[in-house]
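Heads up, the chain below is alone and in the form predicted alone; it's given as structure tokens.
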């Protein structure tokens, strides 16, 4: 059974770090290009949620119909914990959905794609969701600081429908040590010898895999490009006219496990054979996708990657947690492992409310309001809240204790289904006003007692005048 491609989506982080900022901080000259960097409330899980939401919308697929989630990321948010379950729940997937979490190297993205494609081909899944996301943290002063980015791609696969089919596949394994971090370390180490990596590790195996795919009539290539130059070298060897991954590198840098698929998404907007090669952790895999007509979502990938706020090197160090404030932080009242979080996990991650059976009023959150806030009725049915609404009122806090970062806007929002919620707003509050339209997105609220805590924040919607 052939695996079909139904829709795709992409996501990029909020910050952009110019390479010149890194060079200046370390007293070095030059520095070209930029890298995408996560804001303090972003990470591989939130990026993956953004990309997956867009892919599901593009494919016109209800998340509850997905049979499995295959997620590839070099570094899951929980070192040992419910990373896969948190993402699946936040996306609204069925609790019966299967899949797998692939991690440990930049090759994890290709492993997730291949695993999902095989499950669909074997009949184990009718609809599969592939998410690849990364946000590596390079070591201070390393050559990777200026080019290590973050991003995510998502693909919806199916056993039928769609306008593209998966084709040939090539894999090579060689026990070479490339990028790595030691047990208990948080930062990816620098290459031991750049020339050795180029001549003995990267180029031989990547050109071997790409060369095998070059025997087909490939229209477009997405080749690994860890430094903005090596991808072009491979493209020249295999006779490719270009490398679509280079545009991703120019926009947001090296995105690790997400790089190969992010580079391929824009190429899926036209008919022809697309070849994708991903590498890392001693493994390299190449696949082909035969596109018959443009894939839904591919045409707007550039929009997802193009936005971003230019920040300083110091801002990035704070966002990555490599520069932290002194003094005591204010812990949460209850730990993330507590009964309150266990009982409210679905309510928080799936953004649930309680609709009154008698009058229809939606109470939020239902765990705090077990009876109707309008008529006092005791019978509430769980419903998914609307993801869009309007600012009813707001406040911007300009003084906050660590680990919170000021200014911190908080808004009361009237959702389109009549529910009312109070949430943090992304940004510094400069674009928040009463009556402003917002959309709700998953973000990381804090990192508490070694555990990431997720919830929804409001993101302002730009008006047509602002877009123009």
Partner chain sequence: MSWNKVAVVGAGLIKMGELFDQSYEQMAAGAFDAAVASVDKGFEPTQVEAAFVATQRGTLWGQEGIGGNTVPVAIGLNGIPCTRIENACPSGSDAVRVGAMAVASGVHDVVLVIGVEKMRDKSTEEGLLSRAAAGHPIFTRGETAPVLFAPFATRHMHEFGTTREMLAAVAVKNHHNGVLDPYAHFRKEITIEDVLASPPVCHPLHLLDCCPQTDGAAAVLLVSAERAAEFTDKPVFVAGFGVATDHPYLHEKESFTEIKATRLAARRAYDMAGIGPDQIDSAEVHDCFTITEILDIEDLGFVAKGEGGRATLDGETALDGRLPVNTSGGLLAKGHPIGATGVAQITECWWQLRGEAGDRQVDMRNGFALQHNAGGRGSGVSVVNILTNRN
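Residue numbers count along the first chain shown, from 1. Since this is a predicted model, take the numbers as computed values, not measurements.
We do not show the form predicted together with its partner chain, though everything after this point is about it.
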Option from 263-271, 142-150, 202-210, 367-375 whose residues, in the predicted bound form, bring a heavy atom within 4.5 Å of its partner chain: 367-375
Candidate from 420, 28, 32, 437 lying within 4.5 Å of its partner chain in the predicted bound form - any heavy atom: 420
Residue among 330, 324, 314, 339 with a heavy atom within 4.5 Å of its partner chain in the predicted bound form: 330
4.5 Å heavy atom contact, residue 397 to its partner chain in the predicted bound form: yes
Contact of residue 334 with its partner chain in the predicted bound form (heavy atom, 4.5 Å): yes
Residue 348: touches its partner chain in the predicted bound form, heavy atom cutoff 4.5 angstroms: yes
Residue contact check: residue 410 to its partner chain in the predicted bound form, 4.5 Å heavy atom: yes
Residues within 4.5 Å of its partner chain in the predicted bound form, restricted to 424-447 and counted by heavy atom: 424, 434, 445, 446
